[in-house]
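What follows is a single chain, given as structure tokens, in the form predicted on its own.
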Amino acid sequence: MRFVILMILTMMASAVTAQQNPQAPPSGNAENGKKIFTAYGCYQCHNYAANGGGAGPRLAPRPIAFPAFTRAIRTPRDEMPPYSLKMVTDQELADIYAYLLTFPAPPAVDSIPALRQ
């Protein structure tokens, strides 16, 4: 029984630690991120609202974790061109990510009257 309690406490402590710093993204400037998103043509595939389009997936709301986002930019899969550190700095990536975090989540399905019928 003590072992089970110890395991539960250990898992709870790990969960609290993970929530405190889940690979937090670096500080970014959302306003600058919006400018970069437009200037670098990200909107062409991902749409101005970053909700995806014909060529690119949805980026917002709720973007993927920053390390995965950076990997996807630096070494993308499929048709997206890679953006090396020479093309997009780490700070610019942080700014774009900060911009993606500004998009609000869509309303809950049950809050839309037409969908409740």
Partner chain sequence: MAKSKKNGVDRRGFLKGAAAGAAAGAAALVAPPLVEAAGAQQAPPQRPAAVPPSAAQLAAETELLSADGHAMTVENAGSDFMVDVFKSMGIEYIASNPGSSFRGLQESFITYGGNRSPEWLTCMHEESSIAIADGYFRVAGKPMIAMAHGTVGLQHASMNIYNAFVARNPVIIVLGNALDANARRPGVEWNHSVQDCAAMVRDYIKWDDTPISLPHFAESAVRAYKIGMTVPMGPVVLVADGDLQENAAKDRSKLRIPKLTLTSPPVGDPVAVAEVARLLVAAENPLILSGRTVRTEQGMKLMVELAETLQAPVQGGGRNMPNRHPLAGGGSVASADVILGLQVDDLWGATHEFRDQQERSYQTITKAGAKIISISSNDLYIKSNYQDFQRFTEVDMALAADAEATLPSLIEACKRLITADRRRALDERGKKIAAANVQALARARTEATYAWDASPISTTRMSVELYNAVKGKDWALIGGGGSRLWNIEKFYQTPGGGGAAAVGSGLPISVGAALAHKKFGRICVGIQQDGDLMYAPGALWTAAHHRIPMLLVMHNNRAYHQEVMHLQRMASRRQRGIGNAQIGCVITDPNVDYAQLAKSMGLYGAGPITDPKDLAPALKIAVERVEKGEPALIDVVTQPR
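Fair warning: this is a prediction, and the values are worked out from it, not measured in the lab. Numbering follows the first chain given and starts at 1.
FYI, the form predicted in complex with the partner chain isn't displayed, but the following is about it.
- Proximity of residue 68 to the partner chain in the predicted bound form: non-hydrogen atoms within 4.5 Å are absent; the residue sits far from the partner.
- The shortest heavy atom separation between residue 88 and the partner chain in the predicted bound form is within 4.5 Å.
- With a 4.5 Å cutoff on heavy atoms, residue 64 does not count as touching the partner chain in the predicted bound form; it lies far away.
- Taking the partner from the other structure, the partner chain in the predicted bound form has a heavy atom within 4.5 Å of a heavy atom of residue 41.
- Residues of 70-104 lying near the partner chain in the predicted bound form, listed in sequence order, are 76, 77, 78, 79, 80, 81, 82, 83, 84, 86, 87, 88, the criterion being any heavy atom within 4.5 Å.
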